[in-house]
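Given as structure tokens, the chain that follows is alone and in the form predicted on its own.
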């Protein structure tokens, strides 16, 4: 696995990381603990060094299984986790008060069975707490050696600038993929200017870009996609045009649609590190092997031209969650 550096921070990680959320949260019943541990250790064997979790995934259970899986290999790896929700519950409201950030750090260290958090993200911007206070609190944790790097998630450009002026931001984590390219307008130029890395979550469109989902697909009742406008049956039907485009390119290159989607992201900037999630070993292998797929400049131009004529139907969050992004 090739390595990439997140911006100017010096933090080196595998070119593709592993988003661990789905092992415990959001996509239906949690994966068996031993199966989750085997999957994460298989990722390490395949060269993955970058693992993403959060206290609210579960809540708390995802950090615990990540800690159980990775503690024996800790010094070889980069582990990212997050703070910012009240009582660690993503439905409980925002809480980025300094005292909560410090408490989350201590609790996460214990669950992850480690003495430092490599990358500590604010999960969502809290309008009730000045971002300068958030950055300053993480700066204190960095000075104490409990945290190595500061990150933001789903933050707007001006918030990124304000935070970065207090404590350099190593990475922004937000959604970015072939079917959600909004970050290209303002976020990517800001990150490039400031020397901040970008960690796209849902790089496969929450599974849609793999071609394994259509208008007739049914999700487990606990799957968050049931609440997402983009995943309403009529939207899935309309958005199939994007899947067909990716599948056509994949067929020509003799790779999978997921590999095309990941290769496209990797080709955008050298400081972009996508974190696809999976619960399946064969999908893990497929995602990792995307680093060997090269898209020519001509192919990238063709893709860009084609997707510019496609309008994705449906919002990416339910209305009550949309207000939490790009603050």
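None of these values were measured; they are calculated from a predicted model. Residue numbers count along the first chain shown, from 1.
What follows is about the form predicted in complex with a small molecule, which we do not show.
40, 290, 266, 275 - the one with a heavy atom within 4.5 Å of the small molecule in the predicted bound form: Looking at 40, 290, 266, 275 one by one, just 275 meets the 4.5 Å heavy-atom criterion.
Touches the small molecule in the predicted bound form: residue 280 (any heavy atom, 4.5 Å): Yes, residue 280 sits close enough to the small molecule in the predicted bound form that at least one of its heavy atoms falls within 4.5 Å.
The small molecule contact at residue 271 in the predicted bound form, heavy atom, 4.5 Å: No, residue 271 stays farther than 4.5 Å from the small molecule in the predicted bound form.
Interface membership of residue 146, the small molecule in the predicted bound form, 4.5 Å heavy atom rule: No - in the predicted bound form, heavy atoms of residue 146 and the small molecule never come within 4.5 Å of each other.
4.5 Å heavy atom contact, residue 155 to the small molecule in the predicted bound form: No, no contact at 4.5 Å.
Listed range touching the small molecule, judged in the predicted bound form by heavy atoms within 4.5 Å, from 110-118, 69-77, 123-131, 162-170: Of the options given, it is 123-131.
All of 4, 49 and 196 with a heavy atom within 4.5 Å of the small molecule in the predicted bound form: No, the whole trio is out of contact, none within 4.5 Å by any heavy atom.
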